[in-house]
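The form predicted on its own is given below as one chain in structure tokens.
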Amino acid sequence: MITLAYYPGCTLYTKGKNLDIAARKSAELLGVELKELESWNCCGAIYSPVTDDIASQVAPIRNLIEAQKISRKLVTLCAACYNVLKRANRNLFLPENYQYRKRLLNYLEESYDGSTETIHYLEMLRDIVGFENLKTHVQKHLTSLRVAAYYGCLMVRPSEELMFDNPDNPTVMEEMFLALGASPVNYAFKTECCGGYIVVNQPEVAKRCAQTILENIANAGAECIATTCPLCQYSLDNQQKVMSKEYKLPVFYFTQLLALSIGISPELLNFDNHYIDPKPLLKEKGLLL
């Protein structure tokens, strides 16, 4: 069993708990103990590009320091947390930011050399568990399930800072689904913004963003969507209730399908907590009784 520091972030204790529950149970079955930081705080959710904005950088850096009590790698699931933690660490240790770094660490009264590596859960599956190894844990092959892997914008941009897969055509989630026996669908808008950040102030624009993605996915022949981000899951699932056109595409967290495939009980995966009910599709595919 490998032990890795784990940062769930705020949303995974509330709206995104289905993402978290399935991930923790799957990791345990795959031989990875995700050890939650003993003391963590919100990462800030949105990365501040202001170069000397110490106040907004204290929160993510404090989490990175806390992670070193457990391991050098810090696993996270939420796309927003991944984006903020990774960029904050990179920015703090740019050579030209020496004075800024000194002020921030003095404020925290901590010594830190920047060696905590934030990795996404998908990177953990690929690089630590291994997709070939993952195949040996499959109990239910997701045979013939045509799934659209949706990454959104925060996982891949800015690419020079995050270095997460190919920013124009990421494939790590598709590789995971192939290991589970599913049939990933190729489509164009897998990294387009879902509009989630403007759903309150500009709901019509947010709806158009989501509908553009859903239209592209439906035209590609997908039967369902899998995402890594709580905000994307909300946008693509719940926005379907206010659209003039019906898509009826269930929107899973990728960890729900992973957990189902490797033998986690469906009762633990909260398939009732979706706007578009995914259970009829899962029953049609023989994945639910």
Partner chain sequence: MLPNLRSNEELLKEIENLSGQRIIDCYQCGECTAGCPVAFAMEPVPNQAIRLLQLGYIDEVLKSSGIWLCASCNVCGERCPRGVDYGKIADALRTINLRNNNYPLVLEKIDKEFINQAPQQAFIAAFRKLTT
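Residue numbers count along the first chain shown, from 1. These figures come from a predicted structure and were not determined experimentally.
Beyond what is shown, the protein has a form predicted in complex with its partner chain; the following relates to that form.
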Next item on the list: Go through 73, 146, 87, 141 and name the one with a heavy atom inside 4.5 Å of its partner chain in the model of the complex.
Entry: 87
Next item on the list: Answer with one of 218, 178, 153, 119: the residue that has a non-hydrogen atom within 4.5 Å of its partner chain in the model of the complex.
Entry: 153
Item checked: Proximity to its partner chain in the model of the complex (heavy atom, within 4.5 Å), stretch among 257 to 265, 25 to 33, 223 to 231, 64 to 72 -> 223 to 231
Margin query: So, residue 158 and its partner chain: in the model of the complex, are they within 4.5 Å at any heavy atom pair?
Written below: yes
Next item on the list: Look up in the model of the complex whether residue 249 has a non-hydrogen atom within 4.5 angstroms of its partner chain, and give yes or no.
Entry: no
Notebook entry, point to check: With the partner left out of view, is residue 38 within 4.5 angstroms of its partner chain in the model of the complex by any non-hydrogen atom?
Noted result: no
Check: So in the model of the complex, does residue 279 come within 4.5 Å of its partner chain, heavy atom to heavy atom?
Finding: no
Notebook entry, point to check: Judged by heavy atom distances of 4.5 Å or less, which residues of 1 to 21 approach its partner chain in the model of the complex?
Noted result: 10, 11, 14, 15
